[in-house]
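Before any questions on binding or motion, here is one chain by itself as structure tokens, the form predicted on its own.
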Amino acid sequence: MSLLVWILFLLTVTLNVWGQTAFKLGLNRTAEGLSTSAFWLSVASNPWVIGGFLGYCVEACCWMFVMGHAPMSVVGPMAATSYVGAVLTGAFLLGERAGPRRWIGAALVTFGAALVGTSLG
């Protein structure tokens, strides 16, 4: 795979984590107890949520390029590294508690992605 494909792959993983994190930050700022229509209006006008959607839009474009230029059996499973990014941002940016089992799971996902990524032959 070319350097451009690897760069765009890393960008898709980063943008996926960005989108999840932005949604969480936006929804944390949405008041509880709103009516259904007020809730959706609040969500639709939240800058964090809008930023998350924009990140997902760019990610989708990058992902289409990656899928068109790399084996799906390699990049598909490696995309699971976004799960690791979610654990990292949850723990370090959002202050969520990540216990030993979650860290072990994240390490196993990383190890699995590395195995898949190095089996290009």
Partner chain sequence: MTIKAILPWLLYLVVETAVQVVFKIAGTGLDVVDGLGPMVAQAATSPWVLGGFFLYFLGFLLWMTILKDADLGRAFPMTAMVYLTTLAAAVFLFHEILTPLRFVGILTIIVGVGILASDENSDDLVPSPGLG
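From a predicted model like this one, the values you see are computed outputs, not experimental measurements. Numbering follows the first chain given and starts at 1.
Quick note: we don't show the form predicted together with its partner chain, though the next part is all about it.
The shortest heavy atom separation between L93 and its partner chain in the model of the complex exceeds 4.5 Å. Its partner chain in the model of the complex comes within 4.5 Å of no heavy atom belonging to S45. When its partner chain is considered in the model of the complex, L115 lines it closely, a heavy atom lying within 4.5 Å. Its partner chain is not drawn, but in the model of the complex it has no heavy atom within 4.5 Å of R29. Along 1-30, a non-hydrogen atom within 4.5 Å of its partner chain in the model of the complex is carried by L4, T12, N16, Q20, F23, K24, L27, in order along the sequence.
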